[in-house]
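Listed next as structure tokens is one chain, alone, in the form predicted on its own.
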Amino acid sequence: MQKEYINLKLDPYKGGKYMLVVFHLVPKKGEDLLACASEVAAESSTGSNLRVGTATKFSDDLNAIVYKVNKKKNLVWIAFPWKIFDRGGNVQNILTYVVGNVFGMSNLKALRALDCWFPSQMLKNYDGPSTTIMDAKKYLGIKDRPILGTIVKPKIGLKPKEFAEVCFQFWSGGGDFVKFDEPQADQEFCPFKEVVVEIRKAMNKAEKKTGKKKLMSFNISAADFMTMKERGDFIRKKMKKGSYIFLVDGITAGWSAVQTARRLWPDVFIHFHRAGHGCMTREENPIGYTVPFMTKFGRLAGASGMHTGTAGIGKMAGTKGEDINAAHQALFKKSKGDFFEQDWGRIKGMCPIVSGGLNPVLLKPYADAVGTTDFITTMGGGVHSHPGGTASGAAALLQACEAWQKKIGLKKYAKDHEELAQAIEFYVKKIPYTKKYLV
């Protein structure tokens, strides 16, 4: 046990010195909970597995401190002096400390970060979002409803003109927003620059037909930041200002890729796709962190929008409580988590992005659950598999949204809206659990 990393009488909020994290910690057989917690605090701040002779009075003041334990629930609370972190507002650096080497410690059976809290003094050093969903809604000219989006499907394999045609069909059917699926990049059969040019043509055509502006989220993730910048700059050159979003695969490309995009293009909505997060966030994982924990760091990093789950309604793993918590942590100025209440101060809200097995029937259940219209829904198969095709799928989604706005049941609204009626019949048959949400 490293006693210098333990102070169960510490007031962790006094003076705004500490960032706080609560962990679920299960020691291996024969190990003591508090002793293991002290080792985690040491490894994630100033120490090692033994007291070192090179420590100074100043360095000791930067120790992470175990300030609370709950042995029955295997919970430990650790306070991290936030001045140990890179003063450049570096989220990657925080995560290296807090959920870095500690996951490899041999005396632990389980270690999972459940929640965290940032003092106002610390928040001043971090970017937070620059462009928000309110900017996107203003550009689109919509109010009092979510941004209705899709993902180009099939996930991969379409050539540039085919890809752009899918975008056109969705936009022409009434949809607002189309995104690259997360693996879409610069494939041999679909060169990045070529597909950007074709998408611009499709957007012009759709806007002329509908009289409404449209949005496109392009995946700029790449092998290096220079290529990311080249892709971003090409989009800015070819697309109309305000009509594009930059998607970054934040887990696989990295937190630094997200922050680089945020700082290079503060006028662009930065879309954080969380592909790969499940290896850390799934509830059954003994090692990792929760979706709300990860979401807080997405907001701190400056992402404009981040996927937050479907509240157990779609095909992806995740519970209603955890996913709604994550959406609220992303968006609201004050957000209450399972352990901490966060006041985000000057940090702007980050838009929840919702995808994974949704269809028009499931829009209302999610919107009711999350309690806000400030989110983006991206339905892939739930639009493109519509019996009438992609344009009809988009129309059905818009009609489902209209029914929800007007507080009219879907079945009743569908009597006068053919595309919605077809969607209801099709998705209830193909996805049986959809039926329980139908009213």
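Just so we're clear, the structure is a prediction, and the values are computed from it rather than from any experiment. Numbering starts at 1 and follows the sequence shown.
One more form of this protein, predicted in complex with a small molecule, exists but is not displayed; see below.
- Of the listed positions (355, 169, 281, 219), a single one reaches within 4.5 angstroms of the small molecule by any non-hydrogen atom in the predicted complex, namely 355.
- The contact with the small molecule in the predicted complex, taken as any heavy atom within 4.5 Å, belongs to 307 out of 214, 307, 262, 112.
- Annotated contact segment (heavy atom within 4.5 Å of the small molecule in the predicted complex): 177 to 185, selected among 296 to 304, 177 to 185, 160 to 168, 335 to 343.
- Contact annotation for residue 155: at least one heavy atom lies within 4.5 Å of the small molecule in the predicted complex.
- Heavy atoms of residue 27 never reach within 4.5 Å of the small molecule in the predicted complex, leaving it off the interface.
- Looking at residue 195, you'd find every heavy atom of it more than 4.5 angstroms from the small molecule in the predicted complex.
- The closest heavy atom approach of residue 235 to the small molecule in the predicted complex falls outside 4.5 Å.
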